[in-house]
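So this first bit is one chain, no partners, the form predicted on its own, shown in structure tokens.
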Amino acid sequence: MAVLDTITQETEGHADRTGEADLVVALPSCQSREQLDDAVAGLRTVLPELLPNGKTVILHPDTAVAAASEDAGPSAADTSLQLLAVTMAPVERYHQQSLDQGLRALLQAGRTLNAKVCVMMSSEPSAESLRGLADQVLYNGFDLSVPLYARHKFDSLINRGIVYPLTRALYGARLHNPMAADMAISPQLAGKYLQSQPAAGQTDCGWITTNALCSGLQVCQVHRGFAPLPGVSEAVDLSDSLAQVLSTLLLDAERNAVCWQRVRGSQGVRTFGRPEPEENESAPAQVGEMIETFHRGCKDLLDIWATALSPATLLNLKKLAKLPEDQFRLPDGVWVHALYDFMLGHRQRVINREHLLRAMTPIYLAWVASYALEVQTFSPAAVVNRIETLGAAFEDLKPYLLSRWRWPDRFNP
């Protein structure tokens, strides 16, 4: 917490000298003068319409030491826009700690400046995105707005197969991008987030989306184009990425257990804007290597799987390994049971948590292969329906998770 405390003090000190502002925007991906110049020039095109006669403060990393150029930045007579350099690193996708650092700097500045809305733009800054996200907090009474990105059928499969349906089942909100790192935040939600403290043995306070949902605050999503490229390198191993996502989700679930155990079913989330035009895709699915990885996992990781998976789920995975590629289908029930079992094993620390989560990779690839083979000829609308069916399966099997969560020693399917 020492690093975050230092950041908070630094941000508050800068903001104290700024006065007040209506909007505070954080741009952690702008690590150079050139990136910052371009971003500020673009954002300034929407600020007069978004906040007539309002004042905006833009937080940027102190690595962009030259602030902005004369053409992009505010002039001496322009008091509607001010730039502040703070300690802020690029946000890694799905990485709670890197997002938490930037969020706390942003929200602390927003509180000090008495801002009406704070906007985190972790990916490539976009004037359209700023307007779409901030509008809902400024003028429609929402506490959190996040983007709903357009996707091709094989895009964002960790989100589609795990993050969205699991979050939907746990917290009861059909928010399609619950781990978004771009968002607009109200003062009420900012205050709750800043007041929260990490649980024992944890280094952060949880994902802000689940914080909002468990607090009963108003959440919405805004249609955007296809997701921009992440602001930092993603040249990482799939096992690393998957373990990082699962760790964030499962630690959050432990933190919020009292909240999600009361939730039954799910509800749609208010959605604004227009979706991107849909295009049919018919590329054949290349799944051979994925299935082979799953086969190797059935041989090499069986002992680790057995520490977490129920006997029935383990048996179903062994049956799946015997199917030829053209019949390779992982039923939703088996996939959901496997995820819930790993979630429970993580909570009970059946083995080292990192080793356990990495061992999930072959099962995840089995789901990806099964999904790809199933939807390769689907229309965009049919793909959406398929993911909604998966989400419903997570909800239907939530009683299994609840029973084993509450009474782990009494439940052995």
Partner chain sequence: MWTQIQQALQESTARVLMGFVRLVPGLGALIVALLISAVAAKIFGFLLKRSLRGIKFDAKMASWGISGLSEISPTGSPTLLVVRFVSWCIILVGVLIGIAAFDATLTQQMVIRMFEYFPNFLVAVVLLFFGNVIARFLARGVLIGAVNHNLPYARLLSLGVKWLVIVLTSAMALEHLGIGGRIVDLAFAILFGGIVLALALAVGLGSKDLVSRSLENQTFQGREKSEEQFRHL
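Residue numbers count along the first chain shown, from 1. None of the values given here were measured: they were computed from a predicted structure.
Not on display, but discussed next: the form predicted together with the partner chain.
Heavy atoms within 4.5 Å of the partner chain in the predicted complex are found in exactly one of 288-296, 320-328, 108-116, 338-346, that being 288-296. Residue S241 is the only one of S247, Q97, T87, S241 with a heavy atom lying within 4.5 Å of the partner chain in the predicted complex. Of the candidates L301, L83, A150, L194, L301 is the one whose heavy atoms come within 4.5 Å of the partner chain in the predicted complex; the others do not.
Taken together, the three residues L157, R358 and V368 all come within 4.5 Å of the partner chain in the predicted complex, as judged by their closest heavy atom.
The closest heavy atom approach of L50 to the partner chain in the predicted complex falls outside 4.5 Å.
In the predicted complex, P61 stays away from the partner chain, with no heavy atom inside 4.5 Å. The partner chain is not shown here, and in the predicted complex it never comes within 4.5 Å of any heavy atom of I387. Although the partner is absent from this view, V46 stays clear of the partner chain in the predicted complex, with no non-hydrogen atom inside 4.5 angstroms.
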